[in-house]
Ligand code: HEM
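Shown below, as structure tokens, is a lone chain in the form predicted alone; questions about how it binds or moves come after it.
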Amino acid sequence: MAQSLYERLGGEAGLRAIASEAVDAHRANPIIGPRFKATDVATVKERAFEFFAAGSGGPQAYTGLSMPDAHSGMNIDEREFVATCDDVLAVLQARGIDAATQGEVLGIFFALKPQVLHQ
């Protein structure tokens, strides 16, 4: 039986690390970092973990806002969206996640793109 995306990303421990490293990368990214200056980093990391876990088939529930509500008033543009995806892909690559799994994660991000851009 094939492993779920959740399992391929390392289960809870792997996804907690991925979420934490992705948020750290976002905060350091000159394109999107300023958006994270006034945030509670621990809460952002927890919501990112929940989002990744729930979206990849894990048992955790996502307790955050809907994507449109979470990004309301931010007017995120294409450049910022791509920067976010690039950060996540860099984290996955650094953790040795295979290309097919990276592509699956990227597909999820792109499926949510209309709910995030220009809100």
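From 1 onward, residues are counted along the sequence shown. If you're wondering where the values come from, they're calculated on a predicted model, not measured in any experiment.
One more form of this protein, predicted in complex with this ligand, exists but is not displayed; see below.
- Candidate site formed by Glu80, Phe109 and Val116: every one of these residues places a non-hydrogen atom within 4.5 angstroms of this ligand in the predicted complex.
- Contact with this ligand in the predicted complex, judged by any heavy atom within 4.5 Å, is made by just one of Ala94, Ala61, Leu65, Ala42: Leu65.
- Contact between Met74 and this ligand in the predicted complex is found at the 4.5 Å heavy atom cutoff.
- Although the partner is absent here, Thr84 sits close enough that one of its heavy atoms falls within 4.5 Å of this ligand in the predicted complex.
- At least one heavy atom of Ala70 is located within 4.5 Å of this ligand in the predicted complex.
- Contact annotation: Leu89 falls outside 4.5 Å of this ligand in the predicted complex, judged by heavy atom distances.
- In the predicted complex, this ligand lies within 4.5 angstroms of at least one heavy atom of each of the following residues of 46 to 66: Arg47, Ala48, Phe51, Phe52, Tyr62, Gly64, Leu65, in sequence order.
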